[in-house]
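The chain below stands alone and is given in structure tokens; this is the form predicted alone.
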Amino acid sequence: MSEQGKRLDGRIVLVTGASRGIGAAVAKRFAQEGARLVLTARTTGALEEIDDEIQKITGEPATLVPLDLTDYHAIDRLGAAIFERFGKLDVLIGNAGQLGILSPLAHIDPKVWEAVMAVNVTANWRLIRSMDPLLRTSDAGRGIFVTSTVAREARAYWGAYAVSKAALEMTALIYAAEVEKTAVRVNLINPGATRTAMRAQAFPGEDPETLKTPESITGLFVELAEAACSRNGECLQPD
């Protein structure tokens, strides 16, 4: 692979929700770009399947961490383990998310609301809290969080998910403002309509062949993860 093709050569990258969809596509693209990957998802088997594909690309395994992101103490342990092994973290990809249920606000079960907030908001804050010292140790730390169009639209029946993504955006933008004078840069990506399991859950009658693939949007993730990227506090969409 040419030097131009290894835009993330040697950079330590943590990807959440890495077992499928956008997370899996980003993991494979980052492997092609030379990144050293730490991948989290809830199930070991799904992670191992992605790792098999990564090993075909790089010849080396990723670091796999089966993890429920609502186990917040496990996030802290993950941060400590990354520090012990690598001494830093170059890129944090906060991709894992939960849709919950599309329903009138008044009809949402409190447990569903709490579960969506736990994964989409609190887990990302806990990731920031645990990984911030590691990102600051990097010469070019990068935080990239996945959001949604509904974060900025008052769309009926999308209550829990939309509110959680709006909160995530504010969390990421505040973090970006706080690291402005450091070497860390923090941005959001709104993938738009993409062929994922969550999209199919939200729009069960939609033809997935009409949607762009997760693989087609990974270029923007690479751009924002590069050490040379100077963008900060932006919410971007793939072309």
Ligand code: NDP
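These numbers come from a predicted model, not from an experiment. The numbering used is simple: start at 1 and walk along the sequence shown.
Beyond the structure shown, there is the form predicted together with the ligand, which is absent from this document and is the topic of what follows.
Undergrad: Does every residue of Leu8, Gln32 and Pro133 put a non-hydrogen atom within 4.5 angstroms of the ligand in the predicted bound form?
TA: No.
Undergrad: Which among 92-100, 78-86, 105-113, 136-144 is in contact with the ligand in the predicted bound form, heavy atoms within 4.5 angstroms?
TA: That would be 92-100.
Undergrad: Using the partner position in the predicted bound form, report whether Arg36 sits within 4.5 Å of the ligand, counting heavy atoms only.
TA: Judged by the heavy-atom cut-off of 4.5 Å, Arg36 is well away from the ligand in the predicted bound form.
Undergrad: Taking any heavy atom pair closer than or equal to 4.5 Å as contact, tell me whether Ala225 reaches the ligand in the predicted bound form.
TA: Ala225 lies outside the contact set for the ligand.
Undergrad: Would you classify Leu67 as touching the ligand in the predicted bound form, given a 4.5 Å non-hydrogen atom cut-off?
TA: Leu67 belongs to the contact set for the ligand.
Undergrad: Whether Ala41 contacts the ligand in the predicted bound form should be assessed with a 4.5 Å heavy atom distance threshold; does it?
TA: Result yes; Ala41 sits at the interface with the ligand in the predicted bound form.
Undergrad: Just give me the single entry in Leu173, Met198, Ile57, Ala183 that has a non-hydrogen atom within 4.5 angstroms of the ligand in the predicted bound form.
TA: None of the others qualify; the residue that does is Met198.
Undergrad: Within 7-22, which residues come within 4.5 Å of the ligand in the predicted bound form, counting heavy atoms only?
TA: In sequence order, Gly17, Ala18, Ser19, Arg20, Gly21, Ile22 come within 4.5 Å of the partner.
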